[in-house]
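As structure tokens, one chain now follows by itself in the form predicted on its own.
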């Protein structure tokens, strides 16, 4: 699970695309998912996300991300189905409108989260920071903060996994099927994770200052990020996704 958000080297059109274009394509999928309530459009967006994984040569990773999100989605589906009481009752307190609302929430979650995870699979974090600074003229401090947060995600997951393994060796059973008991076992582990995160943040800040963080400007980057035909095609696809989601009832 710790390598789900790590970069996968490749030479696909998605890998060669400008990082800003990738972000724009990702945001267009998110906007399209929130513009529509049509379940078939949401399914089409999820299929489009998986096709992106295929085109990038990371279909297995896309499926792994999908499976992880699907587990969370099942919990949300049950909550929505039980608490939305509008519509015709089908079984116990479950209504037809509750089921449709729950399905929309789950599909929208999958359609939005998948491209956000996949963009990290086909883009180096350093390129995201460089493109934000060079192309969009984002201040380097903000770009650095964003990319540092992204870099810490797999590290936090790895540290949490190590803490859980240490507790398992001491007899703590995390494989219980009782979700409330499992949550009670995991919550105390957040304290050592928080302490290690604060220590890592301090060390990172010191290293950045030593390397001249305050002297970095837009002209400091050596890599140029141009736009090509692939980027133009991605922009047209982004526009088509948003327009289609807005027009299809």
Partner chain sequence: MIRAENVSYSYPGNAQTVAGLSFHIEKGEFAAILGENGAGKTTTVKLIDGLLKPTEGKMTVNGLDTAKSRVSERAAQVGFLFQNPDRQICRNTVREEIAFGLRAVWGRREEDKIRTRTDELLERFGFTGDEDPFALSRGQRQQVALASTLAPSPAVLILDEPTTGLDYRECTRIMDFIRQLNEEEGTTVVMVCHDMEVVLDYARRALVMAGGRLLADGPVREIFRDEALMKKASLLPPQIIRIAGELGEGFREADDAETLSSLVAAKAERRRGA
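Numbering follows the first chain given and starts at 1. A quick note: this is a predicted structure, and the numbers were derived from the prediction, not measured.
Only in words, not in the display: the form predicted in complex with its partner chain, which the text now covers.
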- Among 78, 141, 93, 172, which has any heavy atom within 4.5 Å of its partner chain in the predicted complex? 172
- Query: Of 47, 183, 195, 54, which residue is found within 4.5 angstroms of its partner chain in the predicted complex when only non-hydrogen atoms are counted?
  - Reply: 195
- Query: 81-89, 101-109, 68-76, 155-163: which one contacts its partner chain in the predicted complex at 4.5 Å, heavy atom to heavy atom?
  - Reply: 155-163
- Message: I'd like to know whether residue 189 contacts its partner chain in the predicted complex, with contact meaning heavy atoms within 4.5 angstroms.
- Response: yes
- Evaluate residue 145 for contact with its partner chain in the predicted complex, applying a 4.5 angstroms cut-off between non-hydrogen atoms, and reply yes or no. no
